[in-house]
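First, one chain by itself: the form predicted alone, in structure tokens.
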């Protein structure tokens, strides 16, 4: 079954993963900017990173017929440093016109501090100023509900924000209803140890319906699986769901959300465009 992986940190994956994803039907990936495993040393490191995401990575994906798109931001783990945030946000507009950039993300909160929230608001302002889609990271573990609620309430109180242009990612059982009830899109992350397993993701879809829900591998340098979306497809079939419902979750819903950007071009198998060309 063809699919779009809405959240994959391919900079941290080998080219073998692109090969395996192509063999299992992946048509496109979107790669949010994320933490490198340690705080970057300054704004130039971010400029180099953004350049990699908009040149090398789409060319690498295209070798396997996969379209590569990206999102740009200062990751929430680094959002505590307000001076660094100001310097990095000043760099981002120069990259927004590159052909594979879909919007601002994955922004959000880590420990739900005052500085992190200020950096989150700065990113939202940048997205609004430039008419960009927004991709949001929700915190881990004990801070997830609190951080999700703070961001949902902040966004919902701003009349300039169209919730249909915002993806709030890493939802779990205790946050998914809150996100959907406010009109936002949400992502279910298919991780082997944390976030949501394929079975738990299907449970949530059965409870809340398929509207405005996507699934993704969020594969990175930690315990994760670049083929998590095909694993979800297999589990959904085991549970008796028909291919029309499954395809809606893994292909139609992502395409509907991403299609709000004029840069997103639905591709046929094996016909990926090198976005950096």
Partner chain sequence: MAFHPGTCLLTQTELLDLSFMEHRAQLLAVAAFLDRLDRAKGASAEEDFRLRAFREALEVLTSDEPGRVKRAQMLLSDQNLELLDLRDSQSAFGASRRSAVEPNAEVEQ
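Positions refer to the first chain, counted from 1. The structure presented is a predicted model; accordingly, all values stated were derived computationally and were not measured.
Beyond what is shown, the protein has a form predicted in complex with its partner chain; the following relates to that form.
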*Do residue 52 and its partner chain share at least one heavy atom pair within 4.5 Å in the predicted complex?*
no
*Heavy atom to heavy atom, is residue 162 within 4.5 Å of its partner chain in the predicted complex?*
no
*Please run the contact check for residue 35 against its partner chain in the predicted complex: heavy atoms, 4.5 angstroms, yes or no?*
yes
*Even though its partner chain is not shown here, does residue 122 get within 4.5 Å of it in the predicted complex, heavy atoms only?*
no
*Non-hydrogen atoms within 4.5 angstroms of its partner chain in the predicted complex: do 48, 91 and 129 all have one?*
no
*Could you check which residue among 248, 212, 60, 241 gets a heavy atom within 4.5 Å of its partner chain in the predicted complex?*
241
*asked:* Given a 4.5 Å cut-off on heavy atoms, tell me which of 91-99, 144-152, 182-190, 130-138 is the interface stretch with its partner chain in the predicted complex.
replied: 144-152
*Within 108-127, which residues have a heavy atom closer than or equal to 4.5 Å from its partner chain in the predicted complex?*
110, 111, 112, 113, 114, 115, 116, 117, 121
